[in-house]
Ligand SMILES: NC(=O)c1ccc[n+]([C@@H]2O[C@H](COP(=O)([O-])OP(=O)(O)OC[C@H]3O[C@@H](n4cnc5c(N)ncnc54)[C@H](O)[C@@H]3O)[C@@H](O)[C@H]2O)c1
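Before any questions on binding or motion, here is one chain by itself as structure tokens, the form predicted on its own.
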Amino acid sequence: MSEKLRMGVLGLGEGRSIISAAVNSPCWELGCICDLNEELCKERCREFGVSNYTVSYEEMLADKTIDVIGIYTPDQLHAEHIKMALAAGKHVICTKPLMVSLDQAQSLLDAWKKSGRHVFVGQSSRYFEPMRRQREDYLAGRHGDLVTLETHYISDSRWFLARDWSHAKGFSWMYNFMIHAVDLAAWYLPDIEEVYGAGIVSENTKAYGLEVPDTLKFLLKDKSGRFASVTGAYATPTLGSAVQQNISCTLRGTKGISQAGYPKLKYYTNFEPLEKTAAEHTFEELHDYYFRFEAENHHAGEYQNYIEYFAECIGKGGTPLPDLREGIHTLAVMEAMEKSLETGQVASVSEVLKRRNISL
């Protein structure tokens, strides 16, 4: 595309990564940043050498030079902030999770259809280098026919339980953490229909006065009968990322197998001609591109990859994915997962959508 897109960023905590992405991308200009905390606005201005900020979302939306709003506010505010951006005629990039429930899904779909704008869900794990290479190999047919896949998100995140927000009503490891692994499964099995799973609350979580399942495992089956196993564990020790990646996606096909993960920049493949041991591909030269800030606690390179993909789609008249429909379907899968935990039975995604009167 010949002209740069101009972005406004709402929410400057996690928004730090998207600001870095926008100011370093040849496809984007940073128009304005916004947060209720004016001191944080000033801190980001100093950090990135920008000057245009506001503490009023309405003021940023009124700026006719801004094409796209990047939404990085607390999860429970996403739906309302998306609607406001669409009403103002802006495209939207929203961090995951799209919403914390399906309560506002249909009204959001209605607002989106009326607007004629794009809503893109920033599922960042898709845009880490090993996952990108894995997707390229999959689309090139190197796996053959996909038979099954395994994904997980595993981390000892007991520090999270010490934060006030983990004690707020509705806190769930599934929506804050496991959604990364669920999204990777849904990327390869977009028609997930049946869900079955189990979860347990460990004594480590109970020690914080919470009764929220912290160790979970699900089978997600699509309409053709293919399935994914999805695992999450968040309040027990881990082997460490040098042994087991925090996030992982393994594709098993008729002709080959691959495994991609995060945070290590490593990718394993065994394609035809098959070997006894997988080949290891490393991308350490990209470390500073992906991890730009202290302690590897932000991975801004993923954000830059996905906003540049977004810009490319807009320039070519395509639809950036995952879009709103895909994001809502993934949330329906998550609600079916919750239903299965509650009942101990197989839960149906289509029944969730029907019960919610959601039309995708």
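This is a predicted model, so every value here is computed, not measured. The first residue of the shown sequence is 1; numbering continues from there.
Heads up, the form predicted together with the ligand isn't pictured, but that's what we're talking about next.
A heavy atom within 4.5 Å of the ligand in the model of the complex is found for exactly one of Y234, W187, Y72, Y267: Y72. Taking T205, S258, T95, Q245 one by one, only a single residue has any non-hydrogen atom within 4.5 Å of the ligand in the model of the complex, and it is T95. When contacts are defined as a non-hydrogen atom within 4.5 Å, none of L161, H167 and E338 contacts the ligand in the model of the complex. In plain terms, the part of the chain that comes close to the ligand in the model of the complex, with a heavy atom within 4.5 Å, is 116-124 out of 225-233, 192-200, 209-217, 116-124. The ligand in the model of the complex comes within 4.5 Å of a heavy atom belonging to L40.
Contact annotation: R292 falls outside 4.5 Å of the ligand in the model of the complex, judged by heavy atom distances.
The closest heavy atom approach of E351 to the ligand in the model of the complex falls outside 4.5 Å.
In the model of the complex, the ligand stays beyond 4.5 Å of every heavy atom belonging to A62. Shown without its partner, the chain has C34, D35, L36, N37 in segment 19-37 as residues with a non-hydrogen atom within 4.5 angstroms of the ligand in the model of the complex.
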